[in-house]
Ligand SMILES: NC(=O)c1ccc[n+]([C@@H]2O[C@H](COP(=O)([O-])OP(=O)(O)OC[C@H]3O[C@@H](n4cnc5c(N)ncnc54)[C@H](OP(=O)(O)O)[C@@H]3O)[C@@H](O)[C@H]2O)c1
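Have a look below at one chain only, the form predicted on its own, in structure tokens format.
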């Protein structure tokens, strides 16, 4: 069994490579900078996914990492008789694209899932909710600068998932046949409003942080200032608006599949407090 991991230096790809290698699974880690990537011993680094496919039994597909190569990679996997494809999709893959901020950053969650389903190969689609690390990019600068986080919809909720938990489910999907043919919604263990998420960070840091709703134009300019862009801001705000009156879905799939509880947001913040600390 040889597994190809695309996006191998990303937030999900890197812990996935590490977990597979620790289990003794042969891994080909695809990254644009293989010489600069420090993978565990025994992991074969590759800068071309097409070159990594011959002889592989399964492939982890990260649509953002693959970009315009996505459909060619799936077709090449079929030609090389790869047995299984595991797609990194998203919990909101079926939503209107205007409410999918990750598309602005290059994710093609709907497309990667559909390509796998239509491939004729065995497939699994992982549909995680918002990543815990997203709050670093969106909030850390504000938290380092002061005690107030400004943003849209204080009552909007999410159930952030830690990327290592996504990787653990992906490792199971790649190395066993238990999840074949499933679209699996993955979440953290608790739905929290934006106000509650900021409270969690404040508790961990020992600081009295507050979440304050900001006008849409201010939110948009802030996202532009941190490099995420106006289109991202518009889609993110639209996505949050849907969750104000509908608490975020919480599933138990991480524990069901891995045999251990999903990591809480508080646990993740505690392990990465330096990302928010002054």
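Residue numbers count along the first chain shown, from 1. Source: prediction; values computed, not measured.
FYI, the form predicted together with the named molecule isn't displayed, but the following is about it.
Of the residues 82, 156, 174, 88, which one places a heavy atom within 4.5 Å of the named molecule in the predicted complex? Contact with the named molecule in the predicted complex is made by 88 alone.
Pick from 187, 125, 194, 109: which has a non-hydrogen atom within 4.5 Å of the named molecule in the predicted complex? That would be 109.
Look up in the predicted complex whether residue 134 has a non-hydrogen atom within 4.5 angstroms of the named molecule, and give yes or no. Answer yes; at least one heavy atom of residue 134 falls within 4.5 Å of the named molecule in the predicted complex.
Flag residue 65 as yes or no: does it have a non-hydrogen atom within 4.5 angstroms of any non-hydrogen atom of the named molecule in the predicted complex? Residue 65: yes, in contact with the named molecule in the predicted complex.
Is there a non-hydrogen atom of residue 121 within 4.5 angstroms of a non-hydrogen atom of the named molecule in the predicted complex? It does not: once the named molecule is placed as it appears in the predicted complex, residue 121 has no heavy atom within 4.5 Å of it.
Looking in the predicted complex, any heavy atom of residue 210 within 4.5 Å of the named molecule? The answer is no: residue 210 has no heavy atom within 4.5 Å of the named molecule.
Out of the stretches listed (7-15, 264-272, 251-259, 20-28), which one is close to the named molecule in the predicted complex, meaning heavy atoms within 4.5 Å? Only one stretch qualifies here: 7-15.
Does every residue of 140, 164 and 278 put a non-hydrogen atom within 4.5 angstroms of the named molecule in the predicted complex? So, no: the whole triplet misses the named molecule.
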